[in-house]
Every structure is written in structure tokens, then in C-alpha cells.
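The form predicted alone is given below as one chain in C-alpha cells.
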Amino acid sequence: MKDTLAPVLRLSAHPDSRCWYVAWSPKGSLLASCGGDRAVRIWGKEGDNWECKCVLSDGHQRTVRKVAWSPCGNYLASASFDATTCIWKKKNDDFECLTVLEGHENEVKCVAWAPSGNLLATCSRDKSVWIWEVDEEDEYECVSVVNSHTQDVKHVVWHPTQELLASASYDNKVCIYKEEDDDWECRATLEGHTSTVWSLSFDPEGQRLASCSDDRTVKIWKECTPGDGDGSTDGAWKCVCTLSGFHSRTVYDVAWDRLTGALATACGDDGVRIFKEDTTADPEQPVFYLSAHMPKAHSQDVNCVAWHPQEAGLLATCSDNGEIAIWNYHSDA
């Protein structure tokens, strides 16, 4: 492997608790983290270092599992085990809690903004996915509740350009949703994983979806078009590649870099791996190779991998040990 993954810095972000997730702001000037200490922390760069700019500790009563920035960068959503989602509004260098979204019966596991910024999705241990609509007055209204999974829903992610939503669940399945006659419905169910699907990431064009699982694999799914010659109907997805044999434990997160096309994974074996696509392979049967591997990226499980939106190769990770690490990925290819 000529490619390298070099450490840039480490931050003790959520001492004495897990750091569950990190998310870059759209311009990459801020990094939000959340953890088992019920807090959201906002990090900003000062010279060569990253410093904690503010701590949002009064929004949730339990663990904060995920954070997501709005496309405009002025809002931050946080999903918590207390069954609520907080919407924070950026005010100069601080954030204020604008509203609290309630309705889920159990822990909210993930929150995600649509590319337009007008829709928000949440998912929960109560097996449901909720779609929220946002108006100009910052009012949030639940417009649809979809119950397509039979177990805890772990993750939701939007297509990069369309109002198309994907969800991953403890039931080993991935569901794809689209709006139909003012209601959201499941258009496709992706089956192939043999255990919990933890996370999802669309490729830069939104033509393919990566899923990672407790079965220690990553699968690449491609949307079929009716003209593919395989008899598929519009909206169907098929698995075109499975990355197996690389991870020795659960793969908790996967992230597709929109700048380089590299695919990063976070694993329960404490490692971070970067995969690249073989450009000489048939696009209908893609081949991914292990480009870089950091075996002990953290001293405990790696929970999240997040590529910087504007600096190619800059990667943030976080771990059960409460730490954030920032890495520089360099590829000769």
C-alpha cells in the first residue's frame, strides 16, 4: 500500500464517555461532536490546533447519538436517547436551542437534513422513520411516519441531490423512500446483509449506496434503470460489490469522500480503513481495494468516519474512548 493515513491531531472531546459521532459544517470550518455525556461540542481551528468553541449541554437528558448540520450551516440537529431531536441555531459564535422535536417512543438514533434544507429525517429504536418539513419561520412539522422496518432503525441518509432517503436497521435491511402523492413510502428494500446494518453513505453522484454491517462487510448497491437489460423496474437497487475479509469485527460507519471518491470505514477492531475503486474494472462489477489501514487508530471501537467537505483527504474519526482524531489521507493513485 503506497497510500498513507497520517495522524494530524487528537482531541479529548468527551472525557469519561463515548464519543459517538462527528460532523463537519458544510464549509468545514467547524466540527461538531456528541457523546454519552449528553453534550454536543463545537470545535473550530485556532492556528494549527482545534479548540472547543462551545458546549451545548442543556438540550438533552441522555446520550446524544448523532449530530447533523443543515446545508446552509446555520442550524445543527442533535438526536438523543431521550427520544427527542434538538434544533440549534447558530448565533454569532454560539448556538441556541430553537426547538425540540418530540414524538418518537424510544431513543432517536439518527437525524439527517435533505439537500434542500427543507426536510429533516429522524429514526428511532421504535422502528419508525419520521420526515419533518421546515418552513421559513423555522417551524417543524412531521409530515410522514414510515414503518418499513421490523427492528430498531440505526441510520438515515439523504441522496446528495434528490429527495430520496435511505435507512439502515437492526433487521439487516436497508430501505429506500420517496415521496408519492404527498406521502412518503418505501420504494425498495435492500436485502443481503446477515446482521445489523449500522450505517450508509451515498457516492458523490448518488448513483450508488454503501452499507456497512455487524456481519463485517461493506456492500455497494447500485440503482438499476429499466434499460439495464436485467428486467429491473424503476427504483430497484442491486448489490454490485461486497467488501469482505477486511474487517475482523463490526463495521460501524462508512463514508464516501465526495472529493476523492475514497471510501472510509470505522470498525469495532479499533481500525480505520480506506478503500479505493479500481478504475480499470467494469463499472457494473466494481472492484475496491484496501488503500490504507490504520490498525489501532483509537484504543477502543471507532464509531464514526467523516471526510472534510472541502479539503481532500482530511478525515475525522471518533471512538468509545471519548477521543476525536484527525487524519490526512494521501493517495499516489
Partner chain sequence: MASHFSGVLQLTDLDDFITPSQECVKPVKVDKKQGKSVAKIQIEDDGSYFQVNQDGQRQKLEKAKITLNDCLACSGCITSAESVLITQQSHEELYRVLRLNKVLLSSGEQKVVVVSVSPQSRASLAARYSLSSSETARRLTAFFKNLGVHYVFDTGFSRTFSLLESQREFLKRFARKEEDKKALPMLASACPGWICYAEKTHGDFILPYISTTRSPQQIMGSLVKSFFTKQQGLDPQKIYHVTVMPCYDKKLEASRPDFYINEFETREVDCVITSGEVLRMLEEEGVSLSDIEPAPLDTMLSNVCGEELLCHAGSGSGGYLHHVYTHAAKQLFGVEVEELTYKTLKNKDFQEVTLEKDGIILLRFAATYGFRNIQNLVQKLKRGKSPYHFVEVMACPSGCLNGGGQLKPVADQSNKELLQQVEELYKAEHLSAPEQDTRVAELYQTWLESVGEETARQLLHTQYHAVEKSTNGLTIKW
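Numbering follows the first chain given and starts at 1. Because the structure is a prediction, the values reported are computed rather than measured.
Quick note: we don't show the form predicted in complex with its partner chain, though the next part is all about it.
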query: 4.5 angstroms heavy atom contact with its partner chain in the model of the complex for Asn147; finding: yes
query: Partner contact for Thr260 in the model of the complex: its partner chain, 4.5 angstroms, heavy atom; finding: no
query: In the model of the complex, Pro160 touching its partner chain (heavy atom, 4.5 Å); finding: no
query: Any non-hydrogen atom of Gly103 within 4.5 angstroms of its partner chain in the model of the complex; finding: yes
query: Single option in Glu223, Glu107, Asp203, Asp215 placed near its partner chain in the model of the complex, where near means a heavy atom within 4.5 Å; finding: Glu107
query: Position in contact with its partner chain when the complex is considered in the model of the complex, options Ser128, Thr250, Gln207, Thr242, heavy atoms within 4.5 Å; finding: Ser128
query: Proximity to its partner chain in the model of the complex (heavy atom, within 4.5 Å), stretch among 92-100, 250-258, 167-175, 68-76; finding: 92-100
query: Heavy atom within 4.5 Å of its partner chain in the model of the complex - qualifying residues of 294-312; finding: none
